[in-house]
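In the block that follows, a single chain appears as structure tokens, in the form predicted alone.
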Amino acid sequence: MRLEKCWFCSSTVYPGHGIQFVRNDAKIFRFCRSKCHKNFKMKRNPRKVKWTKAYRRVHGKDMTQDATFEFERKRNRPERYDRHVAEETLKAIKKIDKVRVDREARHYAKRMKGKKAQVQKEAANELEQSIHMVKAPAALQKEPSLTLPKVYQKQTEDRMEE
């Protein structure tokens, strides 16, 4: 059973699934679903379509270089079957998969590291602009301690003056 890769989105195409297109020069293109096939016919570039693996790699959202990708490469050299080698290979596949998952998690954490501060700043700004929705204006007048700290209010006054 051979698992192919979709030419457009790089997902796995299982036997009996997908579409195969053969060009006049005998180049074979395999597609996992009609969405990929239609985008190919519309001559769209997979590196510019946001949901493809090519886009994610080009824009730094997925790992591009890692030693674990070498094991996934397709090899066309036939090997003599050896039960011991097959057993060791299956054990190695599990280890490699675990290593890849860990590295992808590290890559994602590194990519999202700066995002947390940005999200907190946006939340503070939103709260600053719509504090009246959180507490009624009458309650704010009765008890001024419910307002935001003076630091935020000074910043908003400075922004308004500019």
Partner chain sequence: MIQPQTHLNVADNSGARELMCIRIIGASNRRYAHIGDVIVAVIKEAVPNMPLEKSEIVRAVIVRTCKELKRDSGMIIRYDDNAAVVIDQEGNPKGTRIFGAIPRELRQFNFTKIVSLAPEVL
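Quick caveat, the model's predicted, so the values are computed rather than measured. Residue numbers count along the first chain shown, from 1.
There is another form of the same protein, the form predicted together with the partner chain; it is not shown, and what comes next is about it.
The partner chain is not shown here, and in the predicted complex it never comes within 4.5 Å of any heavy atom of residue 10.
Proximity of residue 42 to the partner chain in the predicted complex falls outside the 4.5 Å heavy atom cutoff. Though the partner is left out of this view, residue 24 does reach within 4.5 Å of the partner chain in the predicted complex, counting heavy atoms only. Though the partner is left out of this view, residue 37 does reach within 4.5 Å of the partner chain in the predicted complex, counting heavy atoms only.
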